[in-house]
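Shown next as structure tokens: one chain only, the form predicted on its own.
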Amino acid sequence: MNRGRPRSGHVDEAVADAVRALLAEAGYQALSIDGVAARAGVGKAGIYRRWRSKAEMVFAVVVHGPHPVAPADSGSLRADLSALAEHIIDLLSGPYARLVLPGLTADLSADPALAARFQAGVIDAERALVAEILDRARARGEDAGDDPAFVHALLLGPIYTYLFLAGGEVPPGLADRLASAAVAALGTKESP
């Protein structure tokens, strides 16, 4: 059964390029779906088939799409969480993320429907990734607890605070410190 034309990688690429260019030129608040469509040379319908809002489109382009990928299995929960925290730092430290996240956070606070979609589409995917890491640790015989939402918040919260609320720089060694804190908070014993 044919369900219409397949999604075009060209459209995705053109939209991503347009989003980045418009962010650099005018910032998040001034960016619009109309502006992105015009810059990308695509129809608004093509954008709305992919994303329901400016916030969702921009987050997918700048931070990550709907399916974040867990870091490679390093052999211990602490090392896996440290690698994940380092990845989060890298994503949120990028120049476009720094332009987007304060405005996106404001949009989420002001729009409960957008916040619910963001929870379902982004936060739940990130928590599933954390659950995968916890599952891997349990499969190795580590006591990894079973609270991916708590681990997600424990890793993301301090990183966001340092980058966007407390001066913009992450202190050296933060990823390792957060991983150790998460392992301790879960009540697990670190493996060497």
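Between two forms, the rigid core is the largest collection of C-alphas that superpose within 1.5 Å. Throughout, we count residues from 1 along the sequence that is shown. These numbers were taken from a predicted model, which means no experiment stands behind them.
What comes next is about the form predicted in complex with a further copy of the same chain, which is not displayed.
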Selected contact from Ile33, Ala153, Val42, Leu129, since only one has a non-hydrogen atom within 4.5 angstroms of a further copy of the same chain in the predicted bound form:
Ala153
Contact test, all of Pro71, Ser74 and Ala85, partner a further copy of the same chain in the predicted bound form, heavy atom 4.5 Å
no
Only one of these stretches, 34-42, 54-62, 157-165, 136-144, has heavy atoms within 4.5 Å of a further copy of the same chain in the predicted bound form; which one is it?
157-165
Whether Ala184 contacts a further copy of the same chain in the predicted bound form should be assessed with a 4.5 Å heavy atom distance threshold; does it?
yes
Against a further copy of the same chain in the predicted bound form, would Phe118 count as a contact residue? Criterion: heavy atoms within 4.5 Å.
yes
Is the gap between Leu91 and a further copy of the same chain in the predicted bound form 4.5 Å or less for some heavy atom pair?
no
Answer for Ala125 alone: is it within 4.5 Å of a further copy of the same chain in the predicted bound form, judged on heavy atom distances?
no
Considering only 89-127, what residues come within 4.5 Å of a further copy of the same chain in the predicted bound form, judged by heavy atoms?
Pro102, Gly103, Thr105, Ala106, Asp107, Ser109, Ala110, Phe118, Gln119, Ile123, Arg127
Core aligned, does the CA of Arg49 move at least 2 Å between this form and the one not shown?
yes
Would you say whether Thr161 is displaced between this form and the one not shown, judging by a C-alpha shift of 2 Å or more on the superposed rigid core?
no
So, does Leu31 move by 2 Å or more at the CA between this form and the one not shown, with the core held fixed?
yes
Are Val151 and Phe59 closer or farther apart at the Cα level in the predicted bound form than shown, by 3 Å or more?
farther
